[in-house]
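One chain is shown next in structure tokens, namely the form predicted alone.
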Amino acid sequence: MRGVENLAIAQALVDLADLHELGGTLPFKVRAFRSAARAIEGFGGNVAELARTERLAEVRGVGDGVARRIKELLETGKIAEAEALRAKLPPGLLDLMNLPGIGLKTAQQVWQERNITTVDELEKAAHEGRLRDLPRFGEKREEKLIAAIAAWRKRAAAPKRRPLAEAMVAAEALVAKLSVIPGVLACDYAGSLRRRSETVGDLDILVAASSEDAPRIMDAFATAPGVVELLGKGDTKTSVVLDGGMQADLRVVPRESWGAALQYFTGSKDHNVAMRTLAVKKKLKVSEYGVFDDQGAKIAGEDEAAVYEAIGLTWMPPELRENRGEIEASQKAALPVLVELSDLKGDLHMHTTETDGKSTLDDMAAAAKAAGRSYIAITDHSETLTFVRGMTRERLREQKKKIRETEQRQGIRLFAGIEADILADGTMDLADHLGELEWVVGSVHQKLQMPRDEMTKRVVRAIESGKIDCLGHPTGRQLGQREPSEMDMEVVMAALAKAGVAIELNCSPLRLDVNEHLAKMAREAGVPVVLSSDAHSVRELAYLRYGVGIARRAWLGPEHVLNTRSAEQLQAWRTERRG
């Protein structure tokens, strides 16, 4: 729970900074809160514990004033100063600020200069052309704003699904809580989370226990930390709402039905239908209680693998259970060996405090080594991204020297790399310097909504430049916030295959880009996939596990993933493809 606590504290300070900035507070105070938030987000220890033991001064950037507010937050659940500032602002302004493509500065601008404080008012003003004469606006931005609001409304109306990471953290906390209760014989989560879908609706938690122990287990679930509402409580099922808004359902099943229930509630629906159709042909019945013959005798149920075996199938990883050929592969004993987190020897995309990272080079190297990686690439942003202090040629040369020193000190292989911007015309930022580096990720960060043909040509030109090793977060999407860029991915894949350039599966839970379908396309095209954390702090190095789930859904094995190779093998691959 350490990381969650740190993130919650950091977010509270960011919110406080936003409220002060909207209210016109002196900039130095705003900067202090933002600086402290960044430090806490990248801090490797438990900030709440430091607060309890009066040691918050150990966190860089946390002075007495910030420490006082953190303690207040931990003791009361809120910061009174923030509540007072919020009460002075128009009710809809904060919603407006959080609208994709708006942000604090624009929200403040339209509020102060047009008295606009709600999304509805902003949309109406854009349609009427009342924003285009504002600084940094214009007619084109009005059009983009209208499209962004329409997309936001569409997402808001859709069934609410949460990012994989959010669901996993919540489910793991519940499973940990329930697993230690006396009488719990087995506990796990099921549903789309167990299948590692990129977004998750409700949480499905299963427990194996006797009927005598069930009431105590239900009570513990209904009163678990983070539960804010009890929707229903029965003998075998209890439903609650968690503080993040997710619904979680607990089912208690007999031990002898555990395997059947885990299989059934993991799904998917299409997989289960295909499985049951096969069972019927064998005169068997499969349900959440077990596998039964035509006489009603139970022949399997306690063990999930035995449920599959009873109908002539081998057990298959949950990520494959989408009725996309896994049943047939199982019948032929031809299921793939899927990549696992432990297969990843390196992490080839991360940032440090040199640009927009929150942890130092030394901290990132030490944390990656502790996590089991044998090499990493340091890939801070390139010069064009001035708003994150993008790296100049001189700073890159200086960083490379520090990388060599850190490599010796930390005992982990470090590649001096960069995440170089793919410019609007497809040329590479710092093109004349990239040859001095040991790993180059090429990514699009600006002008993400170019027409399909133009974006395709832009990306293909970068791929064919001979300057990059890997195409980073190719579609630029952010789940629930930004739609992917439009481009012809078949053309892009063909260019990658021809040039011998890898494609990134960015493991950040906000991105998971490429998705499982594009990862499958890459596998079929023979394009190596790189699973990268895109970590901006030591905590985010753990993001690799989310990308592994997506890779497994795409049927990727270790042989399809470039960073399952050793550092020496990676260097040999790079030397060979660059001639």
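Note that the structure is a prediction, hence the values are computed from the model and not measured. Numbers follow the displayed sequence, beginning with 1.
We do not show the form predicted together with a small molecule, though everything after this point is about it.
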I'd like to check something about Val200: if you look in the predicted bound form, is any of its heavy atoms closer than or equal to 4.5 Å to a heavy atom of the small molecule?
yes
Consider Lys401 of the chain shown here, and say whether it contacts the small molecule in the predicted bound form, taking contact as heavy atoms within 4.5 Å.
no
At the 4.5 Å heavy atom threshold, is Gly390 in contact with the small molecule in the predicted bound form?
no
Would Trp111 show up as a contact with the small molecule in the predicted bound form if we use heavy atoms at 4.5 Å?
no
To verify the annotation, which of these, Thr360, Gln410, Ser268, Thr117, has a non-hydrogen atom within 4.5 Å of the small molecule in the predicted bound form?
Ser268
Exactly one of Asp347, Asp421, Asp469, Asp204 comes within 4.5 Å of the small molecule in the predicted bound form through a heavy atom, and that residue is Asp204
Are all three residues Arg195, Asn272 and Arg276 in contact with the small molecule in the predicted bound form, where contact means a non-hydrogen atom within 4.5 Å?
yes
Just one of 447-455, 433-441, 260-268, 296-304 has residues with a heavy atom within 4.5 Å of the small molecule in the predicted bound form, so point it out.
260-268
Compared with this form, is the Arg38-Glu405 Cα separation smaller or larger in the predicted bound form, the difference being 3 Å or more?
farther
